[in-house]
Each structure stands twice: as structure tokens, then as C-alpha cells.
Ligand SMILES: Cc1ncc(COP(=O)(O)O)c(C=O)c1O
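We begin with a single chain expressed as C-alpha cells, specifically the form predicted on its own.
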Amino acid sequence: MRDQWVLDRKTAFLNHGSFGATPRRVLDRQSALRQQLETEPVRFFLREGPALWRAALDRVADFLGAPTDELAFVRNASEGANAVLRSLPLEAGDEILVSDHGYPAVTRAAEYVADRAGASVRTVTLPFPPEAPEAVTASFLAAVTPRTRLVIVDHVTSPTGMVLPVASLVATLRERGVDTLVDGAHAPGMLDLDLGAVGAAYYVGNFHKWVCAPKGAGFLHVRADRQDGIAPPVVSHGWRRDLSPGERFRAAFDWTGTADPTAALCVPTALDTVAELGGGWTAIRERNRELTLEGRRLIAEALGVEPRIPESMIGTLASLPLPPGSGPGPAHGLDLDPLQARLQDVHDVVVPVFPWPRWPERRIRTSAHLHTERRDFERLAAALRAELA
């Protein structure tokens, strides 16, 4: 299976969760589309491209369980979150709720828009490890005030790998008149995702992770009753005053200026390719989750720790605590922990190590996809024993 990807054969690649990995067949399709574009750019952008774009959105809508007209392609989940946050009519004193398990880039975007409006961002501390998913919902609800305008919740938490009960949380918040932005960066392909059942006002996700599309393919879902006023970070020819909110949403996101659209156009190929390789998406999700849990057990044994997050809240990401770090710690989220660098440079094992909930506390996070095997986890376990002895 590893030969279906262009991944370096000498490495144990256990960090699919950060940037994904794209199969050869999908990359070949992207190359063909780029050739088609460059052969006659005007014909492509004005005639061929729009039909391909709409067909890709239709396919995505079927995969995600949402109407096509409620979906837009964006480059990544962070861009989709920015579109929502920078479109909200916040006022002084309003509140946005985030969690201490949230993705830092999205939290910072919330802080940016809140600062400009005189609003505030409040962080909800989730029980960790939670005894049950209901404890997560209760923590958010306890933090809601009459000034809460938006709750941002991760469907799958990036630092801890927990699958959160977003559908029940969204429904309860909606009863209280509070909208939810779900950061589903890891959800498509990892979970059996049905956006209609989730019911969030706003949902963002990535296709370059578990769907294995090229980098630059993400989506924004905006419920029909919340589309008025939502605009992309770059407003271009598509936005027009004379359109209805739904028409304006569709047109504004479909054209934000000249760019390479081939990553988004390759999503249908990625869906088909990965499904064919793994025997269908249901089988893929089951296989990857079983391997993730088995790998978690191997790494927990090597570290001498208990995997305390309930298995019912694990998808295909899993994290475990490491011994505390030393020194000042990474300056920001893109800096490598020294242990992460040694695992890659010395042992050819690619896996993220990051401070959480705060330095010097650290966690290591593993992930599994079709190119991952048990022996990859065994290599990591041996490397951790050598480095932490």
C-alpha cells in the first residue's frame, strides 16, 4: 500500500494528521488538470473550469451530507474559519467561546476579530480526560452567558485527538440561541460525517488530511439561514449587491481571483482513489481506527503511561503524555520540539511532539491511514525507549 503514495520509504510516517499525504494517482490527476489549464488558460477559467468546479462541489456535497449550495471550497479549514469570523457583526462586550483543546490558528483568528470589535474570547477548560462525552457538552454550556455570540468547537481535537460530541452540543446551543462554528479539520474521511445531522451554523474542514486530496483543498459549510453577510476573506468579481444571500454566498466563494483550482478539482479523484485502495470508506475508517488504537497501546507501553482518553472518543488520531520538556520550549507552534527532531533525524520516525496544555508538559500524537502499518508504531516505540531511557 505504501507504494501508492510518494512518501519516503525509509521513514515511519505517523504524522498523517498534520498535512496529510496524497496518493500518486491523485497527483497524476492534478498534473493533468494543470496541463489542461496552462494549455489554454482563458478557455479553462471561463468555460471548462466552472463546470469542473460545480461537479466537484456536487460530489463533495454527497460525501458530506449537505446541499451543494451550502458548501464552498476554501484552501483549508483556517481560511474557512476566517471567512466566518471576519464576517460576524460583533459588538463591544460580545463573547466568543473556544476550548483549551482548540486549534491555535483558529483561536488566534477569533482573538483578532474580537480585539477589533471590542469583544472578548473566553476559553472553556474541558475535563481531561473526560469520563464521557456528555462532560464536554456540560463544560461548554456552563460557560455560555447572555453575551455569547459564537461557540467554536473542534470535531476532532488537534492536540489530544478526541472526537467531541458536536451534534448534541450544537443542538443544545441552538436551543439557547447560540450559533456554533465547528472546526472539523480532521473529520472528513476520519468520521462518517453528515453535516445535515450535525446542524451547525458553520462547519469547516480539510480534504488534504484523511481524504488525501492535494494541499489547498478545504471546505466551508454555511447553513442556508446563516449565509447572509458571510463573505470570503478576498472579495472579488463574484460578490454582487443584486444577488440574494444564497446566490451571493455561492458566487462570492466560487470566484475570489485567479488561483490554481486543481487541488479542489482533485477531491473527487481522491475520494474514489482512497475508497478503491481501502475497500470503501466504511472499511477504511474501521481499519484505520483499529490500527490507531493498537498503536496507542504499543506507545503507551513504551512510555509507561495509561491511555486515559476513552476509546469511544478516539478516531484515527491518538495522543499520549511525555516526560516534561526542559529549557524555554518552542517559541511558537511551527517550532520543532527537540525530541521530534531527534525522532526524525536519528530514527527516521515522523511524529509530532508539542506542548500541551502548556510547556513544559508535552504530548506525542500518532495517526494512521492506509499507508501505515503496525511496524511503524513498533519503530516509534523502540525509538522512544532509546531516547527516553
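For every residue, the number given is its place in the sequence shown, counted from 1. For clarity, every value in this text was computed on a predicted model and none was experimentally measured.
Note that the form predicted together with the named molecule isn't included here; everything after this is about it.
Novice: Just to confirm, F140 within 4.5 Å of the named molecule in the predicted bound form by heavy atoms?
Specialist: So F140 does not count as contacting the named molecule.
Novice: Mark A200 yes when one of its heavy atoms lies within 4.5 Å of a heavy atom of the named molecule in the predicted bound form, and no otherwise.
Specialist: Contact check for A200: no, nothing within 4.5 Å of the named molecule in the predicted bound form.
Novice: Heavy atom to heavy atom, is V136 within 4.5 Å of the named molecule in the predicted bound form?
Specialist: V136: no, not in contact with the named molecule in the predicted bound form.
Novice: Test of understanding: in the predicted bound form, would A185 fall inside 4.5 Å of the named molecule by heavy atoms?
Specialist: Output for A185 is yes: heavy atoms within 4.5 Å of the named molecule.
Novice: Only one of these stretches, 87-95, 202-210, 266-274, 120-128, has heavy atoms within 4.5 Å of the named molecule in the predicted bound form; which one is it?
Specialist: Stretch with heavy atoms near the partner: 202-210.
Novice: Check each of L150, L169, L220, V106 and return the one that places a heavy atom within 4.5 angstroms of the named molecule in the predicted bound form.
Specialist: Contact check passes for V106.
Novice: Only one of Q227, N76, T262, T256 has a non-hydrogen atom within 4.5 angstroms of the named molecule in the predicted bound form; which is it?
Specialist: So the residue touching the named molecule in the predicted bound form, by this definition, is N76.
Novice: Hey, which residues along 146-164 are within 4.5 angstroms of the named molecule in the predicted bound form, non-hydrogen atoms only?
Specialist: The stretch touches the partner through D154, V156, S158.
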